[in-house]
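Next up is one chain by itself, shown in structure tokens, the form predicted on its own.
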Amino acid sequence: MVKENEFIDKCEETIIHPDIVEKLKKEMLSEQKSYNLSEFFKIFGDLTRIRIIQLLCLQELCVCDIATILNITQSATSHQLKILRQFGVAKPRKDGKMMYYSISDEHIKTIFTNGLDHINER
């Protein structure tokens, strides 16, 4: 017996709704796009990368400044920035001997801000 406010994560009867199933099967992402999206969201699953993304949402920064703010080595910073660059999250700009990074586009800021808004609502 199910108590009030208790949920069971399965149907108590098996009833398939073929019209809904077929419609949604056609609208599903391909496996490749689903995989790519899953890999993209993994970028946001690392504390250091999240902190770097936050900083870059605020302003363009050189690797030295990012490392100093986060109290990590330049090597560790460069490693994380390489990952962010590979996934199109951050973009580099060289100025003489200095390497600066910024967020690649407004989509990244929106994803970061929406995620932050979501956790702040809790």
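Numbering starts at 1 and runs along the sequence shown. These figures come from a predicted structure and were not determined experimentally. What we label the rigid core is the largest C-alpha set whose atoms superpose within 1.5 Å from one form to the other.
Not pictured, yet referred to below: the form predicted together with another copy of the chain.
Contact annotation for residue 51: at least one heavy atom lies within 4.5 Å of another copy of the chain in the model of the complex. With a 4.5 Å cutoff on heavy atoms, residue 81 does not count as touching another copy of the chain in the model of the complex; it lies far away.
Taking the partner from the other structure, another copy of the chain in the model of the complex has a heavy atom within 4.5 Å of a heavy atom of residue 64. Although the partner is absent here, residue 76 is not a contact residue: none of its heavy atoms lies within 4.5 angstroms of another copy of the chain in the model of the complex.
Using a 4.5 Å cut-off on any heavy atom, the residues of 40-63 that reach another copy of the chain in the model of the complex are, in sequence order, 40, 41, 42, 44, 45, 46, 47, 50, 51, 54, 55, 58, 59, 61, 62. For residue 98, the Cα coordinates differ by under 2 angstroms between this form and the one not shown after the core has been superposed. With the core held fixed between this form and the one not shown, residue 23 has its Cα displaced by at least 2 Å.
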